[in-house]
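Just the one chain here, the form predicted on its own, laid out as structure tokens.
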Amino acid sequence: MAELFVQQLVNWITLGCIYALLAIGFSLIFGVLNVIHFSHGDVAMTSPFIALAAAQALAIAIGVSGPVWLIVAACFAVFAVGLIGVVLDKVVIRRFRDAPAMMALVATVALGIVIRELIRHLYPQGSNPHAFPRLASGVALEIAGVQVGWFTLLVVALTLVLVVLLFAFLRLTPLGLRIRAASEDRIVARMMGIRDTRVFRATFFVASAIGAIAGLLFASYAGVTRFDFGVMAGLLGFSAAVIGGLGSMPGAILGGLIIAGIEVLAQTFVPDGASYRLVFVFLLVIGVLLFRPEGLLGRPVMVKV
């Protein structure tokens, strides 16, 4: 029993960290731009394909391959996806910042479809699943007879470091303070001389780069990547952000852990739980929207009528 508990605890922490990183991107973009970027999951899941392509290019150019070059390719993919997020904001999303929410919703859903179809047609054999290696392999330690791999420690460490760096960036740097000011009141921030265009581009770069890291970890955890993984990654990340409270960084982390916990519990204790895990997840999302629409850690929004 203890062995089963520890194994499921390890699975919960690993999945929860990945979902939390996806949710942070949603919350960051919504908190600053007040736009639900539904293609964020698709943007994030381009990172495994870019990393595989970069690793193959390095192998051809240098003639060697290995874990070190995979990490180099992964870092390149994170930076590239950050730039992709900035380009998408400049070309598409910025035109819907002041438009009705439904227009931005439809536009970002369509943008996600475009991204998936581009991967499917432009990447070699893009319609097929592609194996994705573990970013860290081997057993790090053993707890109650359960082997905990280096990959789990990498996921937890990366999540902790990214969360700490993000909070420090938002609270201690001039650009972070501008981002927080724009998230509180965009009009007042403009009156104070803050260039919101720079703020929005920085927000998209940071959110997309964090999403790219989550996408790499997601593919590495699954051992495979597909062109349509962005749909599920986006739904899970958005659901985590909704449960925790859109715009709340602690809420995004809490929501990711809750969703991962539900998945692990369903697969462990419910017969054929792997087939029904998403049913329980989205039932919880519906319940939160019904009884606490601002999320567990979100702030109620007062609207003058």
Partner chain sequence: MSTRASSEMPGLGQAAAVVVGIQLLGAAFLYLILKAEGGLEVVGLLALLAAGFYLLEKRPQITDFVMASFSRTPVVALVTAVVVVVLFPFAVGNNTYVLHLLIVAQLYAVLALALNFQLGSANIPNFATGASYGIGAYVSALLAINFGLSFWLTLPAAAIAATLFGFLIGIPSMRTRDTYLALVTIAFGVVVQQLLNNFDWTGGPNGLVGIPAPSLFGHSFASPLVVFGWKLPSQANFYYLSALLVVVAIVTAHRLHSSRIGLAWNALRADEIAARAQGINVAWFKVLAFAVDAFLAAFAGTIYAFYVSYISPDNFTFLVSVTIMTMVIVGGMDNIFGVIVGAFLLTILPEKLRAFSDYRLLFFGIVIIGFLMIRPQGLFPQRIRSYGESR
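Predicted, not measured: the structure shown is a model, and the values here were computed from it. Residue numbers count along the first chain shown, from 1.
One more form of this protein, predicted together with its partner chain, exists but is not displayed; see below.
Practice problem: May I ask you to check whether residue 32 falls inside a 4.5 Å heavy atom distance of its partner chain in the predicted bound form? | Solution: No, no contact at 4.5 Å.
Quiz item: Would residue 69 count as touching its partner chain in the predicted bound form under a 4.5 Å heavy atom rule?
Solution: Residue 69: no, not in contact with its partner chain in the predicted bound form.
Quiz item: Can you check whether residue 199 is within 4.5 Å of its partner chain in the predicted bound form, heavy atom basis?
Solution: Contact check for residue 199: no, nothing within 4.5 Å of its partner chain in the predicted bound form.
Quiz item: Is the gap between residue 121 and its partner chain in the predicted bound form 4.5 Å or less for some heavy atom pair?
Solution: Yes, residue 121 sits close enough to its partner chain in the predicted bound form that at least one of its heavy atoms falls within 4.5 Å.
Quiz item: Is every one of 82, 87 and 221 in contact with its partner chain in the predicted bound form, taking contact as a heavy atom within 4.5 Å?
Solution: Negative, none of the three is within 4.5 Å.
Exercise. With its partner chain left out here, work out from 148 to 156, 134 to 142, 177 to 185, 89 to 97 which stretch has heavy atoms within 4.5 Å of it in the predicted bound form.
Key: Among the listed stretches, the partner-contacting one is 89 to 97.
Quiz item: Ok, 194, 111, 78, 170: which has a heavy atom sitting within 4.5 Å of its partner chain in the predicted bound form?
Solution: None of the other options qualify; the answer is 111.
Exercise. Please pick, from 50, 246, 253, 43, the one residue with any non-hydrogen atom lying within 4.5 angstroms of its partner chain in the predicted bound form.
Key: Contact with its partner chain in the predicted bound form is made by 246 alone.
Quiz item: Using a 4.5 Å cut-off on heavy atoms, what residues in 254 to 289 are near its partner chain in the predicted bound form?
Solution: The stretch touches the partner through 275, 276, 278, 279, 282, 283, 285, 286, 289.
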